[in-house]
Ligand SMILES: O=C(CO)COP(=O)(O)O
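Okay, here we've got a single chain as structure tokens, the form predicted alone, with questions on binding and movement later.
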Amino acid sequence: MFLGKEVRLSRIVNRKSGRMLAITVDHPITRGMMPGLVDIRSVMKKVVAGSPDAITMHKGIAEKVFAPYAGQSSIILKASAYSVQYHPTYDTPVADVEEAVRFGADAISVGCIVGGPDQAQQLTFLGKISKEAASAGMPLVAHIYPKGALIKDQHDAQVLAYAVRAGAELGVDIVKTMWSGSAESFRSVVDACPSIVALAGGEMGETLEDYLRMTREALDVGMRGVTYGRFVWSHPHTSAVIKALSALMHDDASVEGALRVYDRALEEEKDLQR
């Protein structure tokens, strides 16, 4: 591995735990203007205050919003986008490695939707950007989801294992995918991938405890990263949620221990407001 990649990976993968806690704010192109993400400056302030290892964002947000927080968290520059409404099975390129370097990113991130007629074109792009990222010493993160038209159940462990292994085969360093529904089935997904497997959040729970429990179960079978978005920044106490997740990811806390961290963070917030 080139030194540049090692240096950048050390900034997004926590040295203490060997795991990555990343928060994503790249949703508007994919899902429209979600209420919790309209005021991106306020959201960014709350997210950074929680001290995640990295934040995934598009280049325009990096340029217009992130500068005050330089050095407090790493940028993962998102370089592709799909749209649930307009192009649901195609993650189209929107940025490149040169831009990731120029914006000071510690990784570049692309999406890839497998299991449908658009798969071949997206895998071609993934292979190309993998080469470019390696040449620049830039870690590559890929959000690989089995959401193509030929997939019957996108949470099936077998198709998730196919998705993460496709990323590993093409040189992806950190592969983000979806929860399979249980620790037992997710173990087979992790076992299929020699790269770091990171878990997406999405709509896999209703409460903070639901997400903490899913995270704990995934960690227990070898998952080494999370890239959560909606449930974090739509929560009324975003920073406290991130601190609770950090306790799980980096201190190996139990769900109950993480909830205690959350409660303490709330008390600290109240003290600052007094």
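When you see a residue number, it is the position in the sequence shown, counting from 1. Just so it is clear, the structure is predicted and the values come from calculations on it, not from any experiment.
Just so it is clear, the following notes concern the form predicted in complex with this ligand, a form of the same protein that is not shown.
- The partner is absent here; in the predicted complex, the one residue of R224, K243, K46, R230 having a heavy atom within 4.5 Å of this ligand is R230.
- This chain is displayed alone, yet in the predicted complex one of R216, K59, H237, H27 has a heavy atom within 4.5 Å of this ligand; that residue is H27.
- In the predicted complex, at least one heavy atom of G202 sits within 4.5 Å of this ligand.
- Within 4.5 Å of some heavy atom of this ligand in the predicted complex lies at least one heavy atom of Y145.
- The partner is not drawn, yet in the predicted complex one stretch among 132-140, 194-202, 93-101, 165-173 has residues with heavy atoms inside 4.5 Å of this ligand: 194-202.
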